[in-house]
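First comes one chain, alone, set out as structure tokens in the form predicted on its own.
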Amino acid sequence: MASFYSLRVLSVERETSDSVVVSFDVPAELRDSFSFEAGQYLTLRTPIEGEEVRRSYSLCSAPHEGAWKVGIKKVPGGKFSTFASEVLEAGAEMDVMNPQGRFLLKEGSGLHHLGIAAGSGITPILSQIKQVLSEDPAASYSLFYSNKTAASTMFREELQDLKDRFLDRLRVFYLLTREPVDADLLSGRLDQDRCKRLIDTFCKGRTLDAAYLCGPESMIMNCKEALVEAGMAEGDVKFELFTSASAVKPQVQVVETLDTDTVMMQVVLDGVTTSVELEKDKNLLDAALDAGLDAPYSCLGGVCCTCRAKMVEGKATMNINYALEPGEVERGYVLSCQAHVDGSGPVVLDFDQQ
């Protein structure tokens, strides 16, 4: 079950001019709760200028390292990323949710993994590279990594160290969009055509067993199409989208609604069942939060899966779903931040069935 814990910030280290790596101190008694798999993320919560702000950031450390580190790139106008880059210091206390996420390595040994990342999308992929190459001596990893300039490239030194350590098993190809590059193929935006040419050039004769894409939606969808065209099964192409997470927890408002079209919803959370009046034009998560329930959520954009819950009774339609597998949807799971009730009820939403 997703829950927040108060953790101390161990360090805030400058990675590039506009990015930092934040490390957390996880005490021994919480190590089991904070165990994670390469590719998962932490949700951070803190008050900024009187407002509760929460954001999800992928772990860039690997499970075997015994560290909990996230990479945060400053976004213009981004409240949390600006706070982390300019204000946050070692010793501060912050609410941190235990690790979540399904952007995980494909199971199996001796596989050739392909990562495609843009900007801070390298963070979960870095964790994967360290984990799979350390644990499986027969595995290999190829990485296409796009950035604006060499100076803005996160974890460049660490990637070089990994290349030196795994000479025959790790290949890294840097693409730059705003800086001259000798090879034309590595200069410019990573679109479908360029991705196809990268695969044809650098992966020819190599089996692609699994691919992991992390970055903006346009890059991900274009590269996914190129990979499928190259013969990969869609199920072997996993992706993690960037999301602005600009929405915040709604404030509880008491409004007189004599003629509102509502249904009754029972919400199961932490073993307690609460009856909630659900307006049909409101998503299930907002209804739970408005009722004062501490339901889990993070991105509010249908991407991160933190708000996953099961429709035990009733039906719902999701506006966006980038996180749930088709089998989960068939079993009744929804992203509650995107789900709107179908029909007149009754509705039972269970956050405890994970």
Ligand SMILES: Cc1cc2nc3c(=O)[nH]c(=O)nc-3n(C[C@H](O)[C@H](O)[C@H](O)COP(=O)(O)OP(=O)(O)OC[C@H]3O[C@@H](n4cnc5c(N)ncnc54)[C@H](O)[C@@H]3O)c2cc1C
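Start at 1 and count along the sequence shown; that's the residue number. Keep in mind it's a predicted model, so treat the numbers as computed, not measured.
In what follows, reference is made to the form predicted together with the named molecule, a form of this protein that is not presented.
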> From the list I199, L175, A210, L241, which entry has a heavy atom within 4.5 Å of the named molecule in the predicted complex?
Replying inline: L241
> Using a 4.5 Å cut on heavy atoms, which of G108, G235, P137, G77 is close to the named molecule in the predicted complex?
Replying inline: G77
> Would R308 sit within 4.5 Å of the named molecule in the predicted complex, counting heavy atoms only?
Replying inline: no
>> Check V303 for me: does it contact the named molecule in the predicted complex (non-hydrogen atoms, 4.5 angstroms)?
In response: yes
> Does the named molecule come within 4.5 Å of any heavy atom of T123 in the predicted complex?
Replying inline: yes
> If you check in the predicted complex, is T46 within 4.5 Å of the named molecule, heavy atoms only?
Replying inline: no
>> Can you tell me which of 48-56, 308-316, 325-333, 286-294 lies within 4.5 Å of the named molecule in the predicted complex, counting heavy atoms only?
In response: 48-56
